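Next up: just one chain, as structure tokens, the form predicted on its own.
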């Protein structure tokens, strides 16, 4: 007998919403997540200590009902659980405290969410330079505040973090934004559709007003990022904007160029993927319910394509409805009727994406860097190394990996896959989806041996 009707990998908005829906429909759910508590990145730690940090805002507090719903009968949640293999069956192999477990289910839902797009430029690996999401994690889990920081890049997350810092009494020194008037002009053709998500647009405008009212300096149309060590451990951040060169000194440089689907698990599971040109990222192919071409495996949330928390919740519930139908607990008409509100909610939430994707598109200098800029942080492989391998005949991610070791470090390509792909594309090739093999996360040989011994007995 399977361990559960449904195994959900990831306890973010999509995973939590799916778990509650499936359990309410009579399904037995096993929910696995690496973090100590449910919430994912968006609602991280919301169930513990969130009340003490009101500056995180109402949208963050909206995650509490999702976390509370996981107490429903039929849901077993395992935290600190690192999933490192998806097998046919389907079966999920996961590790905790040095011990691996194999669990089987009739269906698996991958709800691993998104990751920040790498932002490679000269000096991005220096101490004090980090993705903007990293200090936000500390703000949510420990109440630590980034002070006198510079936020650099583009995307709505920069405005949200800046507003949270302002409300917490630690306003950023400056925002250095790469989007310019030309991007905004191109994005205006998507505004009529984006008005379906007028509430989201209004929230964004409110964040920008708050940033302006706080007197935070803003530089738009920025390019040519470079970070160097300044005195006393500070970072000297140089860039151009408005036809002028600028230099800011800061103890903390936080960079961001949007988020992309986290596809390592879905790729390792064998699901087909496609290139999303607007979001400049790979995403799994799936039907209207989130089902992939691998029997028994669905994908929902930002791991299937960036849409945000509201879209992720709707997609999670849609996938759960379809899985309940496949389990024989909902007939087709009931499934479609139950899914109708979430189908409409997903359509509204996604209406703003074409506008955001066009207005905050990543710059070519980050998609395909040149020179001595490090691309693979694990192996310290530069853009020049990768371009040299292409000149010598490498025409895809596997050949680049063989020639340079880019992607062979502990992160297994999570921080460099997209940049390698960007460089290959800039050099005139059309690279295929990079492969992902198990173990998806590093596992000790002793743990593998113990698992093999256990399966033999």
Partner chain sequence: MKIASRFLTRPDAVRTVMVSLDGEPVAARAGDSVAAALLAHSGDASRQSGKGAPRTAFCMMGICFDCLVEVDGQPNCQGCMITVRDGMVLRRQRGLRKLDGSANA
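Just so it is clear, the model here is predicted, and its values are computed rather than measured. Positions refer to the first chain, counted from 1.
There is another form of this protein, the form predicted in complex with its partner chain, and it is not shown here; the text below is about that form.
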query: Heavy atom of residue 442 within 4.5 Å of its partner chain in the predicted complex; finding: yes
query: Partner contact for residue 233 in the predicted complex: its partner chain, 4.5 angstroms, heavy atom; finding: yes
query: Partner proximity in the predicted complex: residue 289 to its partner chain, non-hydrogen atom cutoff 4.5 Å; finding: no
query: Contact label in the predicted complex: residue 176 to its partner chain, heavy atom within 4.5 Å; finding: no
query: One stretch from 312 to 320, 191 to 199, 140 to 148, 278 to 286 that, in the predicted complex, holds residues within 4.5 Å of its partner chain by heavy atom; finding: 140 to 148
query: 240, 76, 220, 125 - the one with a heavy atom within 4.5 Å of its partner chain in the predicted complex; finding: 125
query: In the predicted complex, the one of 415, 46, 394, 30 near its partner chain [non-hydrogen atom within 4.5 angstroms]; finding: 415
query: Residues 17, 274 and 438 all lining its partner chain in the predicted complex, heavy atom within 4.5 Å; finding: no
query: Within 373 to 402, the residues that have a heavy atom no more than 4.5 Å from its partner chain in the predicted complex; finding: 374, 377, 378, 379, 380
